[in-house]
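Provided below as structure tokens are two forms of one protein chain, presented individually as structure 1 and structure 2.
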Structure 1
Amino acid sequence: MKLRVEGLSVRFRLPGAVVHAVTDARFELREGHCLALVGESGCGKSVMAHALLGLLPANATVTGHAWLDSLDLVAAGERTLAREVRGRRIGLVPQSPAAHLTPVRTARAQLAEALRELGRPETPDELARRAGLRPGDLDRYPHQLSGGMAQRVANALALAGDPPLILADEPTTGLDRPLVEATMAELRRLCDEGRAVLLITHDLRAAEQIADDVAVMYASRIVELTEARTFFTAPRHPYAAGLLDALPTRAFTPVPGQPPELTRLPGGCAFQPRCPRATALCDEQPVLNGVACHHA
């Protein structure tokens, strides 16, 4: 299994504006590997994941390619995506899982249905246990689940079809530390058994635990793509450094300034208005070569 994303861009049309949600994304993810995708709220992480699965609304335009082995996910039709890809070749843990569960059915019924549709032999209890749920939790309806329980149900659903590629969008939301560690261990185990994981997370400590590589996104672009070890010890992009400094265990200070408006991005480096290292050179868009910065 190999995912090769080549020049993937997503635009949303709104009355009087175009949102640049993902711009020219390029990366590879192979079996056995975990790539963490991190970046500021609103920079385009979830949209990128949804674009790979054809789950964007009608006002979105996707260009470029995303090769899942020989299938281009961007060009593939809804039928192919629904029948062959979603749940079978790519599992998605959606962000805000509680909003994606069916309100009128218990967690067990939803897991059972997913397993049946995918033709899997496991029982809901076995699947749930891998996600850190007790069998008793499964008898509840979504509104009766705590935030962290809903998250674990969503994690279990994404694993139901045993997909070779897992897109996990904030899979540890609402989980306590032992559950975060168990979830990360499970994802790492899946990688070690030959699957691949794209881990979108705000939890840098969790990312550090399992990621081989880290992609840092800012204002719709990947601005640094590097080995995890390098990112955590010596990030090169000024935004990446600012992100790490904002951790409660470090300076706990936000990156100064306002987030960029994706409807009015500047011609040059989008980080320029907030960047301590900016010079006149930065009026030109830097290209990604490990890092996209004129002064890194």
Structure 2
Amino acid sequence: MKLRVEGLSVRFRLPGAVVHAVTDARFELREGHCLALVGESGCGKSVMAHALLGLLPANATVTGHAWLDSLDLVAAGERTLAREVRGRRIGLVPQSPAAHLTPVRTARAQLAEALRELGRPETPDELARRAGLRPGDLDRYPHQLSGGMAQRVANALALAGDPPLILADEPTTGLDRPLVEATMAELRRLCDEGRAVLLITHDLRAAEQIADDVAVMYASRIVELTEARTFFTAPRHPYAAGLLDALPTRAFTPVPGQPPELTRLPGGCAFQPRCPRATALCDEQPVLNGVACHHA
């Protein structure tokens, strides 16, 4: 399995404005590896995941390509995505999993429905054990599940169709640190079993636990794409360095200023107003070659 994203862009048309949510994204992800897509909230990370699954609203325009082996996910129709891709070739672990579970049905009923619709012979109990749940936990309703249990149910639902690619969209939101570490360990286990994981997160500590590669996203663009060990020890883009310096275990210094509005992006480098290295060169948009910066 290989995911190859080439020139992926997403625009949302609003009355009197266009939101540039994702711009010219390019990366590859192969089986057995985890790519962490990191950046501040609102930079376009989750939009990227939903674009790959064809789950964007009607006012969205998607261009470019996203090849899952020989299938272009951008060009694929809804019938293909619904019957061949979602759940079967790509599993989604959604943000705030408890909010995505049907409140009036038990976890067991929801897992059983997913297995039935995907044509899988596995039982809910077997799937629960694979996701680290006790079978007895499945008889609870979503409001009776702890944060960790709800996360594991979401993981089980994503695994129901045995997909080779998992999209984990902010899977640690609202979890305390021990549950974050347990969730990351579970995702790393999936990689070690041969699956590919695209981890979308703003939690750099979580990304450091499991990522093989890191893509840093700022104002709709990927500005750095590198091996995880390089990112965490010697980031090249000033924004990537700023994200790491903001961690409590490091300088604990926030990145100054605010990101630009995605309806009014500048023509040059979008990070220029916040960048300590900015010069007149930054009036031109830098090209991503591992890092998109004139002063890397």
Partner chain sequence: MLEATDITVTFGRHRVLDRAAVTVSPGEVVGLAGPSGCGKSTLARVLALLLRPSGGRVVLDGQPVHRWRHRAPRRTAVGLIFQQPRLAVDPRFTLLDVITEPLRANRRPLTRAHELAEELGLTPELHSRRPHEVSDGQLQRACVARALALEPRYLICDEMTTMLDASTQAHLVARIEAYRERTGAGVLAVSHDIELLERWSGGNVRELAPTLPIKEAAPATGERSSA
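Numbers given to residues start at 1 and step along the sequence of structure 1. On a predicted model such as this, the values are computed, not experimentally measured, just so you know. Here, rigid core means the biggest group of C-alpha atoms that superpose within 1.5 Å across both forms.
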item	value
Structure that is the form predicted on its own (1 or 2)	2
Core-superposed C-alpha of Gly132 shifting 2 Å or more between structure 1 and structure 2	yes
Core-aligned C-alpha movement of Thr253 between structure 1 and structure 2 reaching 2 Å	yes
Core-aligned C-alpha movement of Leu165 between structure 1 and structure 2 reaching 2 Å	no
Cα displacement of Thr123 between structure 1 and structure 2, once the rigid core is superposed (Å)	2.7
